[in-house]
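First comes one chain, alone, set out as structure tokens in the form predicted alone.
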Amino acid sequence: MRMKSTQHYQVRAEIAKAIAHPSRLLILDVLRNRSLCVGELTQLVGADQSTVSKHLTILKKVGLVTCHKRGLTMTYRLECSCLTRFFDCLESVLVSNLKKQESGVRG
């Protein structure tokens, strides 16, 4: 197996950093089901529009979401459908860790 370049891992790290924020995880999770505009995402995230727009810019920059204009509104959608498997993996780790913690408390 050939090693990937340092630059390749730097780009991977940028994508991981883009995901590594609770609000951005929520945005990605919601966009798995449907396209939404900034206003709708603002309500779901519970942050102001400028903050949500910054999160969307970060996600768009690394290629995880795309946007398109619908009338006067910019609508965002998930670009990377493989995130569903990633979220399933995260949930599996989360549940496993919770079970370990619970058994440690009881044992």
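All residue numbers refer to positions in the sequence shown, first residue = 1. These figures come from a predicted structure and were not determined experimentally.
Quick note: we don't show the form predicted together with the DNA, though the next part is all about it.
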{"query": "In the predicted complex, the one of Arg12, Lys99, Arg85, His21 near the DNA [non-hydrogen atom within 4.5 angstroms]", "finding": "His21"}
{"query": "Position in contact with the DNA when the complex is considered in the predicted complex, options Ala47, Val62, Cys80, Val30, heavy atoms within 4.5 Å", "finding": "Ala47"}
{"query": "4.5 angstroms heavy atom contact with the DNA in the predicted complex for Gln43", "finding": "no"}
{"query": "is_contact(Thr66, the DNA) in the predicted complex, heavy atom dist at most 4.5 Å", "finding": "no"}
{"query": "Residue contact check: Lys54 to the DNA in the predicted complex, 4.5 Å heavy atom", "finding": "yes"}
{"query": "Exercise: Val38 in contact with the DNA in the predicted complex, heavy atom 4.5 Å", "finding": "yes"}
{"query": "Residues within stretch 68-94 having a non-hydrogen atom within 4.5 Å of the DNA in the predicted complex", "finding": "Lys69, Gly71, Leu72, Thr73, Met74, Tyr76"}
